[in-house]
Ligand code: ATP
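Coming up is one lone chain in structure tokens, specifically the form predicted on its own.
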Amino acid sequence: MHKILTIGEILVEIIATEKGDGFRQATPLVGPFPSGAPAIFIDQVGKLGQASAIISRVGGDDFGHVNLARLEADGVDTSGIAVDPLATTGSAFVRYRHDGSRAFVFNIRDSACGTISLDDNAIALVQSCSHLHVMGSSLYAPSVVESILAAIDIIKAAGGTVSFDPNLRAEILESPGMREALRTVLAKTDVFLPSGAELFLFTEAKTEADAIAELLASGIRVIVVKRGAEGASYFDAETTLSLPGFAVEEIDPTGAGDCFGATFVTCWLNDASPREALELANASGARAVMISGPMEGASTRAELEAFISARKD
């Protein structure tokens, strides 16, 4: 069986319960919820029963324990998570604006996960895995970038594969070395999972079709363009397929793209057809937005199949 690995931030998310623009005045909050894009991704992989692991770092605080408990409960190998008793677990404060967009205040680079590195234990864990998933949001600090690039080389040298979700936030896009790191990862990517305009970050193309052609010609094997509520599209050298999303009431979109990506990658590694993988991934993303909290909507395979079946009846 494939074992899927990710490397990057683990944090808690604390959500404002009233809509507004940012955090410049006191506002009611709810949380902490276990979070961090790579953590959400790997939690969903674990929920699907797939062998999975994460390399990260948390503080010896309640926020760290909230995440460790959730990941372990959902079957994720947490042996690569270092616990630093002198550090603080990362955090993200989130507030929804009235137009549906979100304002974030992150503490990542200066938290425990800002010093992720590959020690002997982590290297052994990398060597036990056959697939690495990279989140662009995780390329926020030099030591983390170095760890991810080293893990890519180890896994690719052993015949493994790499998937890449740019998952960019305006707050971190201008981090030192971010753009160069994104391009380096893309050059070694097998499965590329951009959302919307992220498709054009790495090409000279002006149209989606031209961007897809340019990226496939560069050596990427599969491209899946996430379109939110509208569904998603799959592209490889032989197949083009688009499937609509599932109509649901959106409560909280945070983590939906991560759940989508985790489900697609898991299905792809297990030789599912493009249609099956895309349909299950769409269902995973749809279920995720129906519940408040980044990991709260992660689904089992049985839950996804029941969700799809109920909408076909």
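Heads up: residue numbers just count along the shown sequence, starting at 1. Please read these numbers as outputs of a predicted model, since none were measured by experiment.
The form predicted together with this ligand exists for this protein as well; it is not shown, and the discussion that follows is about that form.
Note to self: Can you tell me whether the pocket in this form is open or blocked when this ligand is overlaid from where it sits in the model of the complex, based on ligand atoms within 2.4 Å of backbone or C-beta (3 or more = blocked)?
What the structure shows: After C-alpha superposition the pocket is open.
Notebook entry, point to check: Do Asn167 and this ligand come within 4.5 Å of each other in the model of the complex, heavy atoms counted?
Noted result: Yes - in the model of the complex, heavy atoms of Asn167 and this ligand come within 4.5 Å of each other.
Item checked: 4.5 Å heavy atom contact, Pro253 and this ligand in the model of the complex -> Contact with this ligand, yes.
Notebook entry, point to check: Would Arg227 show up as a contact with this ligand in the model of the complex if we use heavy atoms at 4.5 Å?
Noted result: Yes, Arg227 is a contact residue.
Check: Given that the partner is absent here, does Arg102 sit within 4.5 Å of this ligand in the model of the complex, heavy atoms only?
Finding: Yes, Arg102 sits close enough to this ligand in the model of the complex that at least one of its heavy atoms falls within 4.5 Å.
Next item on the list: Check each of Val248, Ala272, Leu68, Ala51 and return the one that places a heavy atom within 4.5 angstroms of this ligand in the model of the complex.
Entry: So the residue touching this ligand in the model of the complex, by this definition, is Val248.
Checklist line | in the model of the complex, the residue from Gly46, Pro34, Pro38, Gly257 that sits within 4.5 Å of this ligand by heavy atoms | finding: Only one listed residue qualifies here, and that residue is Gly257.
Checklist line | Stretch in contact, per heavy atom within 4.5 angstroms of this ligand in the model of the complex, of 105 to 113, 125 to 133, 227 to 235, 155 to 163 | finding: Of the options given, it is 227 to 235.
Check: Taking Thr6, Gly8 and Ser79 as the candidate spot, are all three within 4.5 angstroms of this ligand in the model of the complex by heavy atoms?
Finding: Contact check failed for every one of Thr6, Gly8 and Ser79.
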